[in-house]
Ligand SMILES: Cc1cc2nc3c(=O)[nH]c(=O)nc-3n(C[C@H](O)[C@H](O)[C@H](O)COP(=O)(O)OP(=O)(O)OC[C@H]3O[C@@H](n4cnc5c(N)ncnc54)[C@H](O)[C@@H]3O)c2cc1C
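Before any questions on how it binds or moves, here is one chain, the form predicted on its own, in structure tokens.
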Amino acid sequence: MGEVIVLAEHRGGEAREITLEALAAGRKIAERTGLKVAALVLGSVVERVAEQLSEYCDTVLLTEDERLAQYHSENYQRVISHIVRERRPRVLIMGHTSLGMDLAPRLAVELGFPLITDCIDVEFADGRIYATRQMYGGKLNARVSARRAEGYIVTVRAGAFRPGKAAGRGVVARVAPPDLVGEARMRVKGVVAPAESGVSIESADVIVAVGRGIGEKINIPLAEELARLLGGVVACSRPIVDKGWLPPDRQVGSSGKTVKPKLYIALGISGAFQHIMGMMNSQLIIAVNKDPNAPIFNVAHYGVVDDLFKITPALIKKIKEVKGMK
């Protein structure tokens, strides 16, 4: 039907950020090809999600069934493969998340579609899909293509595409699911949410992140004070979590969370590629590190080669002066 279908992920009645980013990837393909972009919403009582996504695409395909209330790979696969066979989209896009990594290979095998995973850029040219993905742990960007096929499946990395609303509001169309009668081989017994600290670094506009250079746990309040004055939150690189100084939900990077704040201040972070992959799309990056050759300076908009214990207190003092605080 000349379209790109994006599988929506949602939680608690809200579309996840990765879905909006995947829709942005879909629109990029559509702009070059004239294809339409459709969001596929599976679940139970998810009209609110469908209405939300209608601002980001041409069509929202809404399929509701009690057996789709929780993610279930077998049921999702049966529904999506049924819809794909009926609508024959050129590209099926998912987030490179636990859901996407589980579901995309299953669908690729069943449908016979080529699959390209963890894409940071996508385009459709010469009747085939091209994608950019990182290799060798992020040290190299490779532009890859898939064989010519009736359809393609890609998963996109969180933070790689900037969400944006479509020019007009899309139409919400209900799509009946196929017959799901029959006992599935797997059962979802429940959902266990990870323990969180009550701070969402993913939605923060300002992040002050600390790395090995912070030295000791007792020095973290220095970063917390700076974050508080700027109206932000404290995050960290993996070594800080490994030491138990901050909880895992504060970690930025390929094995943590992907963030895109308006301001990202990196204190004592050398900038290993795993960390950079999680924050490189921040609008403004300021790095403070004693090592002039630290990789973090390759992505920072502003860099200070100095001791963070000299720079941070001076910055805190200046902010207080500007705000008229003692």
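Just so we're on the same page, rigid core means the largest C-alpha set that superposes within 1.5 Å between forms. Fair warning: this is a prediction, and the values are worked out from it, not measured in the lab. For every residue, the number given is its place in the sequence shown, counted from 1.
Omitted here: the form predicted in complex with the named molecule. The next part is about that form.
Asker: Would V259, P261 and G303 all count as contacting the named molecule in the predicted complex, using a 4.5 Å heavy atom cut-off?
Answerer: Per the other structure, none of V259, P261 and G303 touch the named molecule.
Asker: Among 46-54, 24-32, 61-69, 262-270, which stretch has residues whose heavy atoms lie within 4.5 Å of the named molecule in the predicted complex?
Answerer: Flagged stretch: 262-270.
Asker: So which of R90, R133, R238, R157 reaches within 4.5 angstroms of the named molecule in the predicted complex, heavy atom to heavy atom?
Answerer: It is R238.
Asker: Of these, G170, G213, G232, G95, which has a heavy atom no more than 4.5 Å from the named molecule in the predicted complex?
Answerer: The option sitting close enough to the partner is G213.
Asker: Examine K290 and determine whether its closest non-hydrogen atom to the named molecule in the predicted complex is within 4.5 angstroms.
Answerer: K290: contacts the named molecule in the predicted complex.
Asker: Heavy atom to heavy atom, is S203 within 4.5 Å of the named molecule in the predicted complex?
Answerer: No.
Asker: Does any part of Q274 reach within 4.5 Å of the named molecule in the predicted complex? Heavy atoms only, please.
Answerer: It does: once the named molecule is placed as it appears in the predicted complex, Q274 has a heavy atom within 4.5 Å of it.
Asker: Even though the named molecule is not shown here, does M280 get within 4.5 Å of it in the predicted complex, heavy atoms only?
Answerer: Residue-level check for M280: no, no contact with the named molecule.
Asker: For the stretch 300-315, which residues lie within 4.5 Å of the named molecule in the predicted complex by non-hydrogen atom distance?
Answerer: The stretch touches the partner through D306, D307, L308, F309.
Asker: H82: CA shift of at least 2 Å between this form and the one not shown after core fit?
Answerer: Moves: no, less than 2 Å.
Asker: Superposing on the rigid core, is the Cα displacement of I240 between this form and the one not shown 2 Å or more?
Answerer: After core superposition, the C-alpha of I240 moves 2 Å or more between this form and the one not shown.
Asker: Please determine whether the C-alpha atom of K310 is displaced by 2 Å or more between this form and the one not shown following superposition on the rigid core.
Answerer: Yes, the C-alpha position differs by at least 2 Å between this form and the one not shown.
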